[in-house]
Each structure stands twice: as C-alpha cells, then as structure tokens.
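Okay, so here's just one chain, in structure tokens, the form predicted on its own.
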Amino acid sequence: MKMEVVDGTFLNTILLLFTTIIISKLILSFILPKSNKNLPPLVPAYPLFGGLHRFMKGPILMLNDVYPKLGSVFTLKLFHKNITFLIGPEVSSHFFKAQETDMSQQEVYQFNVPTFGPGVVFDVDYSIRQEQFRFFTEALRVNKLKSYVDQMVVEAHDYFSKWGASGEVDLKYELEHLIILTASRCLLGHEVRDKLFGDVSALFHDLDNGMLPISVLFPYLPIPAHRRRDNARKKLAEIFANIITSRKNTGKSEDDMLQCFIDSKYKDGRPTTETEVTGLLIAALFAGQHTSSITSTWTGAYLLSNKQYLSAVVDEQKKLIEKHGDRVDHDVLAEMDVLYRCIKEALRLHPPLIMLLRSSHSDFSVKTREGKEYDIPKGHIVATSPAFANRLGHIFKDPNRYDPDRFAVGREEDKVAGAFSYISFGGGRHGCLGEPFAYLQIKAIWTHLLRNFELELVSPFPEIDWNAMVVGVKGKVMVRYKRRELSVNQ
C-alpha cells in the first residue's frame, strides 16, 4: 500500500510538471510580442523532447526526409536547444566565414576536452586556440611535409614487405594498422614508433573507445569507457613527459611533429608546456588517424570496383616511373593528379565527419537559391552536413555515382556553385589544417600498392558504418593480392 501511494504521488508530480510546461507555453505565446523575424521552418517533432527520436536514428536519414520538404534551411528542436541546418553553398557562407565572436566552435565541441586534455584546443579561449593552430600550421609546412613523406614511403615499404607472394587480406584492417604506424613515426616521434608503439597504440585505443555518442551530451559520465579513457590519457601524459624531458636534457632535435610542438612558442615568448604538447599531439592524431584510414579504404574499394579508374591510376604510375624511375617523394606525389581526383571523389561520397557544428553568438540572415530569406537568431546551434551537401544534385551531376573526372579541368563541379560546394575538409576559417598531410599519406600508400601488387576486391562492396562517431566502413573489405612489380612496358 505504501509503495502504491509513492507511485501515485510520483505520477501526479509528472502530470503536474507536463501540465505546467504546456500552460506556460500557451501563456507565453499570448503575452510575448510576435517577432518580426522570418524564422526557418521547424522539423515536425514531439513536444518537450523535440526531434530527438529522428536525430538518434541518424542525421542523414533525417536530412533525406526533411530537405525535400523544407528546403536548405530548417530548425530541429532537441530538448531546449535549437539546431538550425544550413545545407548547400548558397546558405552556408556565414557558417564557414564568420568571426569566432559570431560563430563559435568552442561550446559545441566541449566533449573533446577529456580526450585532448586541459589547456589545449577547445579548453582555451579563441586567442590561445589560434596560436595553437599556428603551431599545427608550422608543423605542416611544405619543408616539414617533404620529410614526413620520406617516412611515409619507408613505412609503406616495410609494412607491405611482410605480405607474401599472394593471398587475401582485409584491406580495412591492413590500412588502419599502417596509418597508425605512419602517424606514430611522423607525429609522435621515433621513441614511440621504435620502442613504445604497442603501449601507446593500446592507450590510444582506450582513448578512441572513450569517445561515444553519449560522450557528446555527457562527456564526464562515470561509465567504464570514460574511466578507461581518463586512465589512458593520464598514462600518455606520463610517457610524453618522459620523452620531452629526455630530448631537452640531451639536446637532441628530431624531425617530427612532437619536436615542432616542443619548440613552439606563444607570441609573448612563453614555451609550450608538457601538458600542452601532449594534448596537441593527441588532437593531431585524432584528427588524422581515422580520416586517413577510412578514406584510403574507400579509395581502394572504389578503384577495385571501377576498372576504368583503376587503369587510369596505373597508367599514371607508369608515366611517373618512366619520368622519375623508382623515386617517390613529395614532388612526385604532387604530380599524381588522377590519383588525387580518385581520393577526392571517395571523400566526396564518404566524408568521415558527417556533421559540422557551430554556436551562433549573433543574429544573421541567409538567402536560399530560390530567393527565400530566413533570420537565424543568436543562441541557435548551427549545423551543416558534408555527407549530405556533397551529394546535392544541383551541384554534382549524378551525385551518387563515383566519378573522379567531375573534378577534372573543364568540369570542376566542386567550383561551379562557388565556395563551399565541396566541404569534406570543412572550409573557411576552420578548414582542416591536415588536408595536405592526409592526401600525401593516402597517395604514398596507394602508390606502393599500385606499383607492387595486382589487387582484386573479393567481398561485396562495403557498406557505411553509420553507428561510429567518425563514419567509416562497415565490416571487412577482403582483397586478393598477387605481388608484381609495375613497369612502363606492361
């Protein structure tokens, strides 16, 4: 009987709460003055919870349903938040070009702070973050990239030398492992690559698995995955502190991103701390590891499923061998226009980051290509989707078809509709700093494969893994290989 009374009281409290919310909204709708703003249309949703059920099924499914009905600008309510989507280059210019004071990343990406650590990226104000981005830029200058390419080529040679004369492999698995080895050598330093790779790789695995969908809303929730994440972050900090101290004590200077961060100084002359260096390295690895392994896998799946383009990239390699011999360096990779377009098209169809977010700190207006104008109030979360925008039919001809030639001179579909037509790497003020590094890494890997193996896709063409935080390839990508050395006479 006592339990029934408690349950009844609880139920009455819930009913009273819902009734109060509904009555309050009705009263406010009569009391508050009507806004003169032309707000975007709302995605149909339930009261209180808003469009949570639709959003959790997958943003792309929602966009496929909503875009044809509401157009390129619309707002989705999630609890007390308003997420306004801007789809397409005609309406997304402000998203990419606005000052940080008007359109900020910091609030929406706070869930990265436990992983990257204190004092870096989204845990600091914009002025400090800009200086830290300068450190990234300096670490990725052309002279640095040239030395990184040499290391990439060595890693690819060493890794694939372990393959036999013929066999079958899971290409996704192989490329994931090669990418982390390459990243360790170029970014984290030889101490990690040569001596601590197993330990550091396992710790990064725990960090990676600590980034869950629930982490976006509750990054400090005391769950096992978060505890493992925090423990791994602590151990990584200890490892890099020892490496940094050793380098400083011995006076050794290495050719890697770790050294660049150690040597970096803020405008006031202050050097980076061990904590900052560790956080920046983790951010760099997170930004590049998944995107490069996913894109290199999609590139391979499409090439091996489209003989026309496979023949084209092989012919390009033959011409480069005839011109440069066996030399593969930064300048040779830069000449690979056909392979570049094939990678770019795989990225268009499958950008690993399917949503980009900002927090609006000021009102702004947009005009659609149909001429409709909408006012976006400050306080809205503003979103765009590379995965959806990259397949808009009025920009890309037959948008769901793999067609690298759409980027060739004379067509250049990614430029026809103006800036921000192609946003796989973002754009504007917050474009991806690691884009050149990623292309060079993927080119180096596929150059080695194309020159040393005949490859055949034996499993079905892979599906998309929509359940991952960084959207990638679902399941295995089985490839049959046969070793052979490419020559200009073949």
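Start at 1 and count along the sequence shown; that's the residue number. Quick caveat: nothing in here was measured; it's all calculated off a predicted structure.
Keep in mind that the form predicted together with a small molecule is missing from the display, and what follows is about it.
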Is there a non-hydrogen atom of Ala419 within 4.5 angstroms of a non-hydrogen atom of the small molecule in the predicted bound form?
-> no
Please check if Ser424 has a heavy atom lying within 4.5 Å of any heavy atom of the small molecule in the predicted bound form.
-> yes
Distance check, Gly431 to the small molecule in the predicted bound form, heavy atom within 4.5 Å = yes
Is Arg358 one of the residues lying within 4.5 Å of the small molecule in the predicted bound form, judged by heavy atom distances?
-> yes
Position in contact with the small molecule when the complex is considered in the predicted bound form, options Pro399, Pro352, Pro377, Gly71, heavy atoms within 4.5 Å = Pro352
Listed residue that, although the small molecule is not shown, lies within 4.5 Å of it in the predicted bound form (heavy atoms), from Leu392, Ile321, Leu140, Ala312 = Leu140
Quick check: do Leu181, Gly300 and Trp446 each get a heavy atom within 4.5 Å of the small molecule in the predicted bound form?
-> no
Among 111-119, 400-408, 157-165, 344-352, which stretch has residues with heavy atoms no more than 4.5 Å from the small molecule in the predicted bound form?
-> 344-352
